[in-house]
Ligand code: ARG
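First, one chain by itself in structure tokens, the form predicted alone.
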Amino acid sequence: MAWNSLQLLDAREARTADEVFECCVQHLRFATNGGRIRSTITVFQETAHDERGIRIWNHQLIRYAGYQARDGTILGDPQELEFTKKVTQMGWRPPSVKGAFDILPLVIEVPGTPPKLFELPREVVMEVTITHPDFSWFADLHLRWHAVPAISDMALVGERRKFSAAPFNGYYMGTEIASRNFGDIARYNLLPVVAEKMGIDTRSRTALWKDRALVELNTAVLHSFAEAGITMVDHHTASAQFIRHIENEKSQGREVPGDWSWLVPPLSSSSCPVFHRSYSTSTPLPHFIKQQRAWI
């Protein structure tokens, strides 16, 4: 998230779940900006550090449901299995024909009232159909992903302040979708599928079938977002940008903290300059912190 171009939406007057939901919809509409993604944060009512405050139960404002069949197979996003079960118990009804990319409802809780389910208006969820510039068969995988990565379950904290609901977004780096969401074994696990389509022998590790499939997944995602005119950055460009940020901050006498495991991309890591250095582990205020899952 680019702090120097960050747009702030002040929602501190929102008191009811319905009002919070409308502000979340406005966040997505503003941030999406027709595909020219704007780094945005919406700040809801402040709460004491020892109080629960407003909670958005979803990890991100837009996520896809995960369904587990009796034989153990999973349709959709395995990371959302638990949350999908929870919202189903609360009354959410999936589409009559379940798919791999069914948009989950938002669950919003304000102090003193039960949590409430909301369906996102379809027009505020921009999605990209994933195709490949060279492989026509890629379209047959019927992949897509949403345009705005808006984290919604973390708290923004300062020395004396806490905002338990403060959804924020930047724009995607290609590897977030291709390498992690699509490629991870615990997510959509598409590397074997892509390798098989490419005609690579997946029985041999030395064939580097995972590496080759991973590159083509990333190629497809970057190509598709560019074709759709939606803001995205590749991992090489993002790495160079972060190094320039460090140099700019250093020239002003400021140190840039960071988590190496988050800053180093999951593809071609050692070819990126962020790989070849360490980072301060200090946590200056204000910063975002994880919160316990809201339904536990």
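One rule holds for the numbers: they count along the sequence shown, beginning at 1. Note that the coordinates shown come from a computational prediction; the quantities given were computed from them, not determined experimentally.
Another form, the form predicted together with the ligand, is not on view; read the next lines as being about it.
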property	result
Stretch in contact, per heavy atom within 4.5 angstroms of the ligand in the predicted bound form, of 56 to 64, 24 to 32, 241 to 249, 43 to 51	56 to 64
Answer option from Ile151, Leu222, Met126, Leu117, heavy atom within 4.5 Å of the ligand in the predicted bound form	Ile151
Sole residue of Asp102, Glu109, Glu216, Glu176 within 4.5 Å of the ligand in the predicted bound form, by heavy atom	Glu176
4.5 Å heavy atom contact, Tyr172 and the ligand in the predicted bound form	yes
Proximity of Thr131 to the ligand in the predicted bound form, heavy atoms at 4.5 Å	no
